[in-house]
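Below you'll find only one chain, the form predicted on its own, shown as structure tokens.
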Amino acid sequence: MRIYFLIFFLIFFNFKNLYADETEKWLKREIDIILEAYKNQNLSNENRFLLIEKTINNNFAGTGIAKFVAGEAWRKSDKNTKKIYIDNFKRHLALNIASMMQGYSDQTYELTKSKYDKKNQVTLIDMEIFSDTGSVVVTWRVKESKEKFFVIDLIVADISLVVTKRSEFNSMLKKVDNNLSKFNEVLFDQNQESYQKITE
């Protein structure tokens, strides 16, 4: 009986290792696309951002994150307002991630550790970024859905991007009485301002 248990354990352990390796390879490929875009001097700032935005939108669970951070305002809104909000949020997310990654574009990094959270069915991948003054660890939370990987959160210095965004958006939504339609106008203007800065 013990030998069967041992065989099962080894198969299961190796499967999880292979799964983690596959997830890491996918993540490294997508991170490198963003970092290489910053190093490509032939790209204009606008084209560079549009390339990065496309990569982020393809690989982040933007719609799911958007719903979560909107909270009660999402549930109260009509279909068209929700669609406009998701588009606004995805650009907002891309602008945030692009700005953060730009700060790391001239540094080296290494994916140092992977851990599969069986309960939540999420892989956590630590990315250590090295600079002259030390290093910082960024943890990517990756989930597989319909045979495709998606980043569902990004944790920097133990601070969750998604939780931070929910708190930030809740404060902004209160100012417009949780009216997602009005909030869309605020978010659109904020995106325009950020877009000008990152592409100028």
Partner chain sequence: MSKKIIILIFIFANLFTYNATANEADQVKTNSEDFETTSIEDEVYDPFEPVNRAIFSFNNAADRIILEPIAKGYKKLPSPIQSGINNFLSNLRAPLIVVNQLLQGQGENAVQSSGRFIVNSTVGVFGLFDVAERIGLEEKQEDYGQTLATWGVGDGFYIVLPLFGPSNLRDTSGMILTMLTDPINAYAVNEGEAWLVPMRTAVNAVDQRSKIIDEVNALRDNSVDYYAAVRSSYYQNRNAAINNVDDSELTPLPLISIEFE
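Just so we're clear, the structure is a prediction, and the values are computed from it rather than from any experiment. Numbering follows the first chain given and starts at 1.
What comes next is about the form predicted together with its partner chain, which does not appear here.
In the predicted bound form, its partner chain sits beyond 4.5 Å of every heavy atom of E46.
For the chain shown alone, S194 is a contact residue for its partner chain in the predicted bound form, at least one non-hydrogen atom being within 4.5 angstroms. Although the partner is absent here, I125 sits far enough away that none of its heavy atoms falls within 4.5 Å of its partner chain in the predicted bound form.
K174 belongs to the set of residues with a heavy atom inside 4.5 Å of its partner chain in the predicted bound form. Along 82 to 106, residues K90, H92, L95, N96, S99, M100, G103, Y104 each place a heavy atom within 4.5 Å of its partner chain in the predicted bound form.
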